[in-house]
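Quick heads-up: the structure tokens below are two forms of one chain, split into structure 1 and structure 2.
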Structure 1
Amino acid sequence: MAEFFAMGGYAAYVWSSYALAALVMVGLLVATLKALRGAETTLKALEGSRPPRRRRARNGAAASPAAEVGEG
């Protein structure tokens, strides 16, 4: 086991390479998941804040463009 970690005397070079790759890849993944969660929470909050208005606006637009103009 000790021999495995020694990497033939090149432990510092080999293990820092693997550690750096892990750090960058895990870091990117964590940052991505955080951004996704944050955006989804914001969207839910926005949608939850005024759902009736949104639905009415969309139905109005589908029915006739004039309805949407009249509403705004």
Structure 2
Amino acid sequence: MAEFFAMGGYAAYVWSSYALAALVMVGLLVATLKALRGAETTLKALEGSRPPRRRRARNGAAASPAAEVGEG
């Protein structure tokens, strides 16, 4: 087992490479989550700043002002 961890004399290179790869992947995860939270904050701000959408009629047609007062 000790021979496996020694990696034939290349243990310092192999294990440091694994550690560096793990560190990079954790860094990417943190950066991605931070960017996601920023995008969600921006989306909420944009959705809050626009006027509310009009609802469609139940039959799927767009509601028109004439249909709302019974004309047409």
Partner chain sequence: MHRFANPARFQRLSAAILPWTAGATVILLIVGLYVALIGSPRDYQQGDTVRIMYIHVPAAWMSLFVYVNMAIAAACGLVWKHPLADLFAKAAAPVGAGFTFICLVTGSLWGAPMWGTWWVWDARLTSVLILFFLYLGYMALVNAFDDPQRGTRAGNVLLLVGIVNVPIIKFSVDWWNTLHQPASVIRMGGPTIDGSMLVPLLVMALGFTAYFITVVLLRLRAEIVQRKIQTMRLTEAQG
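Rigid core here is just the name for the largest C-alpha set that superposes within 1.5 Å across the two forms. The first residue in the sequence of structure 1 is number 1, and each one after it adds one. Since we're looking at a predicted model, the values are computed, not measured.
The form predicted on its own is represented by structure 2; structure 1 is the other form. The rigid-core alignment places the CA of A19 2 Å or more apart between the two structures. On rigid-core superposition between the two structures, the C-alpha of A6 is found to move 9.6 angstrom.
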